[in-house]
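Below you'll find only one chain, the form predicted alone, shown as C-alpha cells.
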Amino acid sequence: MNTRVLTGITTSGTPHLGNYAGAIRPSIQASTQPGVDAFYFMADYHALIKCDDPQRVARSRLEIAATWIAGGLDTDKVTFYRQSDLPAIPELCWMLTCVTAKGLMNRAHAYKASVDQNVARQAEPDDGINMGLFSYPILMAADILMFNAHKVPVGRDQIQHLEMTRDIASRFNHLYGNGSDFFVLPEAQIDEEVATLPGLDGRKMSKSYDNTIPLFEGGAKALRSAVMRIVTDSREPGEPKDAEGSHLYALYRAFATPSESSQFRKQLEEGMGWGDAKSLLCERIEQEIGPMRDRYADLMAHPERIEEILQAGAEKARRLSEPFMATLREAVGLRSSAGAARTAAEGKKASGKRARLVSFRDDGNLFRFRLLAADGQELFLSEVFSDPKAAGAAIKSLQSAGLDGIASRQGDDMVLAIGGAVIARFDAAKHDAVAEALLTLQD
C-alpha cells in the first residue's frame, strides 16, 4: 500500500535558502521514492491569518509554485495544488470546527504565545488575535484529513498540531462513523537529517529574524552579497577555525557531499580565512542553485505555465475531495446539492419535461451547442468547435457523465473541461440548475 504524504507551505513571502533546504528539497526527494503518494500545496488560506497585503499573497503564491517546479518537482507524479482552488477545504474545516472543543484551541501554542505577549505588555489577553490565528489548527486538520494523509512532515514545533488533528479526526469518527472511520489518524514525520540552516547571525534562518539568504531573488550577486555578511569570529587567516561551531560549515554541509564537507572542514581547521571560506560556500551553493534559478526566471516570466500546472493539480485533487465531501455531507445530515438535483430531475422526468442540448452552426460557420432547461431557459452556451464530431462527442459526454469529474470552479465561473479542453463556461450560481438539467438527460 502506498503511503500518502502531505506538505503545505504558507504563501506569505518569498522562498529563501532555508525554505529550500529545510522543506522543499527534502519533499521533492521524498516524492521520488517508491510507494509514496505525495500531496504538496500552497497554503494561501493560511497566509491570510498573518498577511493582509493582497499583492504579497498573490506574488508569494506564484514564487512558491515556481520554486517547487524549478527545484525539480514532477507535477505529473504528485498532486500539486493551491489550497484555495479546493472549495471542499473550507467546507470540511467548518464541519471539523463544529466537533472541536474550544478548550483544545485554547491550548494551541501559537495562541498561548500571543496571549502571553499581550499579558506581558499589560494589554487585553486577546488583543490583536483574530479567529484565523485562534482556530488555524482546525484548518490545518482539514488540509490533512481531506486526503487522509498517513504522514505529515513537520518540525518539532508543529507536533502539537498533528496531535490536535488526530483528536479532531477521532471525535468526528466517533460522532458520525457508525462503526467505520472516515478519517485516517495521521502521524508526524520528523526527519532529523533534514537541514535547519543558520541565518546570517547564526540563529535559525527566518524572515522573522531578518537573517535570510535569498534563494533566487537578485541572482548570484544577491546570494554572494548575503553570504559575505554571515557573522564569523575574529580569527585571522592562518589561525585554525572551529568548524563545528561555524555557521559557514553548517551551511556548506547542507549543499555538499560528505567528502566535500570533510575537505572544507579540514581547510577551516588548517587556517583558511573566512573570506575564502565564504567564497567556497558561494560556489558550492551556486553549483546546485544556479541551474534552478534559470528555470525559475523562465517560469516567472510565463505565469500562464504555472497556472496551467496548478489547475491540472487542482482538478486531480478535486477528483478525490468532491466525492469524499459528498460522503461526509451525508454523514452529518447535510443533503448534497447533487442529491437534491437528482430528486428534482426525477420529478421533471415524471412530469414529462426534459432539458435539452441543442446543437447549431453559428454565423462563423463553427459548431456550438446550448443547454436549455425544461422551461426553455438557456443555462449555458458551449465554446466553438470546428469539427461537428468533436461537438457531438462533448454532448455525449455531458449526457452520460453530467458534471462529475469535468466541472471546476474558477472565480465566479464554473468551467467544464473534457480531456483538458474547455467546452463551456457558466455562472457558478447556475451550478445546481445545470446539474439538475444534465441529470434529466441521463438514462
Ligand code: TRP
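When you see a residue number, it is the position in the sequence shown, counting from 1. Values in this document were obtained by computation on a predicted structure and should not be read as measured data.
This protein has a second form, the form predicted in complex with tryptophan (TRP), left out of what is shown; the following refers to that one.
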| property | result |
| --- | --- |
| Every residue of T7, T10 and A43 near tryptophan (TRP) in the model of the complex, heavy atom within 4.5 Å | yes |
| Contact of A355 with tryptophan (TRP) in the model of the complex (heavy atom, 4.5 Å) | no |
| Contact test in the model of the complex: I230 vs tryptophan (TRP), heavy atoms, 4.5 Å | no |
| Partner proximity in the model of the complex: I144 to tryptophan (TRP), non-hydrogen atom cutoff 4.5 Å | yes |
| Contact flag, L281 vs tryptophan (TRP) in the model of the complex, heavy atom cut 4.5 Å | no |
| In the model of the complex, the residue from V152, L223, A169, A254 that sits within 4.5 Å of tryptophan (TRP) by heavy atoms | V152 |
| In the model of the complex, the residue from M140, A277, M205, A314 that sits within 4.5 Å of tryptophan (TRP) by heavy atoms | M140 |
| Options 242-250, 132-140, 326-334, 294-302; stretch whose heavy atom lies within 4.5 Å of tryptophan (TRP) in the model of the complex | 132-140 |
| Sequence-ordered residues of 155-169 touching tryptophan (TRP) in the model of the complex, heavy atom within 4.5 Å | Q158 |
